[in-house]
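Before any questions on binding or motion, here is one chain by itself as structure tokens, the form predicted alone.
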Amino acid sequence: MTPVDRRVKILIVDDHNMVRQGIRYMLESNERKYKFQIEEASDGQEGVESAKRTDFDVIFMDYQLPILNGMEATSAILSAKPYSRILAISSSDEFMYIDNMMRSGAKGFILKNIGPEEIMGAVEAIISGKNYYSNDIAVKLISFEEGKVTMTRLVKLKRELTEILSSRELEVLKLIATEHTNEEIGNRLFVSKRTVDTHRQNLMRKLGVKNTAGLVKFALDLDIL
């Protein structure tokens, strides 16, 4: 066993005693490299007051807390001590929780079901100035970023679509995609079946598809119904 070479001050802010004791146990059972000095707080306000009194190396901050929630407590702590390193903890991977904590200044986000090894990895990352996310949280963030890219492209395509198609062609495309026949479309728009067929042919030419199925897929992919 290597000697302990650094003392690390930890604050655990959680309203469940079992969670606080669990994190404490995992840290104190792994004091090969660090000696942990651990304090606890059972609500957001108590956490803020503790953080103002003491300079902690890492603050474990639950999201759902009494009095002040994790986002509010994080913002209050960083307002008083901007250099504080706060690691969000939660039993939920709801993106709203993750986003709110990141926006308030947390340096990472972990789930309460992680084990001792990952707890230690998170602490080491945070005290060395890095961010840290549980695997499930990292996947969620990546998926969201990819979704934002997809949504941005979708908005761009929809804008381009309105530039290459007339308003009447867009109407016809929506009706085709909702399984209306030429006759039904004609009756609805007060035009002849032949005119509807002309619009259909123009749509296929402009959108680069070969048949009605291609038009339907295009409309569904762009969610223009």
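Throughout, we count residues from 1 along the sequence that is shown. Predicted, not measured: the structure shown is a model, and the values here were computed from it. If you superpose the two forms and keep the largest set of C-alpha atoms that fall within 1.5 Å, you have the rigid core.
Not pictured, yet referred to below: the form predicted in complex with the DNA.
> Of the listed stretches (60 to 68, 40 to 48, 165 to 173, 25 to 33), which one has a non-hydrogen atom within 4.5 Å of the DNA in the predicted complex?
Among the listed stretches, the partner-contacting one is 165 to 173.
> Quick check on Asp55: any heavy atom within 4.5 Å of the DNA in the predicted complex?
Asp55 lies outside the contact set for the DNA.
> Report yes if any heavy atom of Asn187 sits within 4.5 Å of a heavy atom of the DNA in the predicted complex; otherwise report no.
It does not: once the DNA is placed as it appears in the predicted complex, Asn187 has no heavy atom within 4.5 Å of it.
> With a cut-off of 4.5 Å between heavy atoms, is Thr181 one of the residues that contacts the DNA in the predicted complex?
Within the cut-off, so yes.
> Does the DNA get within 4.5 angstroms of any non-hydrogen atom of Lys210 in the predicted complex?
Yes, Lys210 is a contact residue.
> Quick one: Glu72, Leu78 and Lys81 and the DNA in the predicted complex, is every residue within 4.5 Å by at least one heavy atom?
Checked in the predicted complex: no contact with the DNA for any of the three.
> In the predicted complex, which residues of 189 to 204 put a heavy atom within 4.5 Å of the DNA?
The stretch touches the partner through Val191, Ser192, Arg194, Thr195, Asp197, Thr198, His199, Arg200, Gln201, Met204.
> Quick check on Glu171: with the core superposed, does its CA move 2 angstroms or more between the shown form and the other one?
Result for Glu171: yes, a 2 Å-plus shift.
> Look at Thr54 and decide if its Cα position differs by 2 Å or more between the shown form and the other one after superposing on the rigid core.
Comparing forms between the shown form and the other one, the Thr54 CA shifts below 2 Å.
> Kindly check if the Cα atom of Gln201 is displaced 2 angstroms or more between the shown form and the other one relative to the superposed rigid core.
Gln201 C-alpha, core-superposed: shift of 2 Å or more.
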